[in-house]
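In structure tokens, one chain follows: the form predicted on its own.
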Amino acid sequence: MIANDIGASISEAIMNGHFDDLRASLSSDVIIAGAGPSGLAAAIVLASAGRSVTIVEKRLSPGGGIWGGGMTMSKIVVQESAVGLLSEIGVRYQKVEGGLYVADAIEFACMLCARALQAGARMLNLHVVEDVCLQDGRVTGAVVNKSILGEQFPVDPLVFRAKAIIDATGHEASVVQTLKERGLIQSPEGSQFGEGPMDVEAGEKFVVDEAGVIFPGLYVAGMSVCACFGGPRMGPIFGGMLLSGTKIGELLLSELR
């Protein structure tokens, strides 16, 4: 009987904590779709400044492509312009040839997640932004569902309100796709939807330079930028991801004021 009471108390504590977070997430300043490096970097900037941030991650483990390193070798690389961001989140690194720095992929993923949460961001893993809400031509919220149940069964989603959404879903750019499929977003003249072939240097620059608003209330960061505007992919170098997310976080801070 005592064991059962403890079990029930454990279950109650988990459910109460989860639904407190879920309830608080129903209205946020910013919803970030995707807990990869760019999404987490944006979350750190925004939450550290006191903004209400909800991160929606469809997988069980946040971190995006960080965990795999380069071809399952758990090391990642950043360039000189972004190495300061590693120091800011407490990630150790070593300088190597070519003005590059190598860090442990697992430590990098863990520290990004921890810093985002410690700054005050809420994270809902195993959830997915499957659509957006529009009002007067502006994105005003996200349609959120359980990522596994929603894919397998006709389970209705919930609506999460937000002043802005960041599509940081990576190669899929899945939030932008919901508007593109309806003809509400057109690829800029001279570009195409989908990434180009790998060009590391050009890709690292592209993912930062082109990060920004793609539709009123909807922003793109990280590899979603390349997917939306036809930029090149760049492989297991993550400086551009961090800089892209940081840029969007700072841009939104300015606009939300």
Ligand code: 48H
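Start at 1 with the first residue shown and count on from there. Just so it is clear, the structure is predicted and the values come from calculations on it, not from any experiment.
Omitted here: the form predicted in complex with this ligand. The next part is about that form.
In the predicted complex, does each residue in the set Ser38, Val129 and Phe238 place a non-hydrogen atom within 4.5 angstroms of this ligand? Answer is yes for this spot.
Among Ala211, Ile44, Val56, Val53, which has at least one heavy atom within 4.5 Å of this ligand in the predicted complex? Contact with this ligand in the predicted complex is made by Val56 alone.
Based on heavy atom distances of at most 4.5 Å to this ligand in the predicted complex, which listed stretch, 82-90, 96-104, 134-142, 171-179, is the contact stretch? Among the candidates, contact is made by 171-179.
So in the predicted complex, is this ligand close enough to Val220 to count as touching (4.5 Å, heavy atoms)? No.
Gly65 near this ligand in the predicted complex, any heavy atom under 4.5 Å? Within the cut-off, so yes.
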